[in-house]
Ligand SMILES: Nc1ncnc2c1ncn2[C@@H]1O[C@H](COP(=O)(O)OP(=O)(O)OP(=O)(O)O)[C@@H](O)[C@H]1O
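There is one chain below, alone, in structure tokens, taken in the form predicted alone.
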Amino acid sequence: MIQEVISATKLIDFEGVSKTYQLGNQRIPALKGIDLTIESGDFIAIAGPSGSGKSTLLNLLALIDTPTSGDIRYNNIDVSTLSDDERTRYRNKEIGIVFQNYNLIPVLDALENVAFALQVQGVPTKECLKRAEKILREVGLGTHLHHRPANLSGGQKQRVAIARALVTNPSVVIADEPTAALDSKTGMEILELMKELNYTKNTTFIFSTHDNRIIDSVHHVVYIEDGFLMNRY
């Protein structure tokens, strides 16, 4: 029987990426010559000890920061050469970010928090609310649309954060320690939710994590130590 071979699509490509921070007269190298390819639909973890460069790599992947040297390409676009405004527009359209502390707006309810991600793109309010409600129902919060963050559990806040990251239909979702603030049961529920979204929507997920449950569940692990990419497995 002849099996069809489906080639993966390259989504993100790092070539010789380094990042150095200037602290007074001292230069602190955080990343050193990183070469990394992430494919569309991947489910990948960035692991390593504290101070290894995980957060720096995550910020570069999220286009929150820029490299000191080297090239970063998203869908063959060299994003490292974009202006601040161009990078922000690209990030808002193509990258969903799930922050460790959720970063929800306290005075907005769940529906409004998710809709806000579309409003900054200029999507009409009616369409924003329609799409926000749809994704909130998909992540299991259909009965909590009008709850403000103060009235949501940690797991529910994380689901709102995931819905907000997904509502713009990004190419990739980047999550910083998504289970760190959650108890074991809730953390597993969030992990299973993200695995399901990866499978059903083919959304690429990239995690920075110390959680062995995530490390054991992903397709690939990128291990960083002392600013070097030690291996990918």
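Sequential numbering from 1, following the sequence displayed. Values in this document were obtained by computation on a predicted structure and should not be read as measured data.
Although not depicted, the form predicted in complex with the named molecule is the subject of the following passage.
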*Using a 4.5 Å heavy atom cut-off, state whether residue 63 contacts the named molecule in the predicted complex.*
no
*Using the partner position in the predicted complex, report whether residue 204 sits within 4.5 Å of the named molecule, counting heavy atoms only.*
no
*At the 4.5 Å heavy atom threshold, is residue 10 in contact with the named molecule in the predicted complex?*
no
*Is residue 50 close enough to touch the named molecule in the predicted complex, meaning at least one heavy atom pair within 4.5 Å?*
yes
*Report yes if all three of 21, 177 and 210 come within 4.5 Å of the named molecule in the predicted complex by some heavy atom, otherwise no.*
yes
*Would you kindly say which of 169, 40, 55, 68 lies with a heavy atom within 4.5 Å of the named molecule in the predicted complex?*
55
_Partner-contacting position among 197, 173, 30, 36 - heavy atom within 4.5 Å of the named molecule in the predicted complex_ = 30
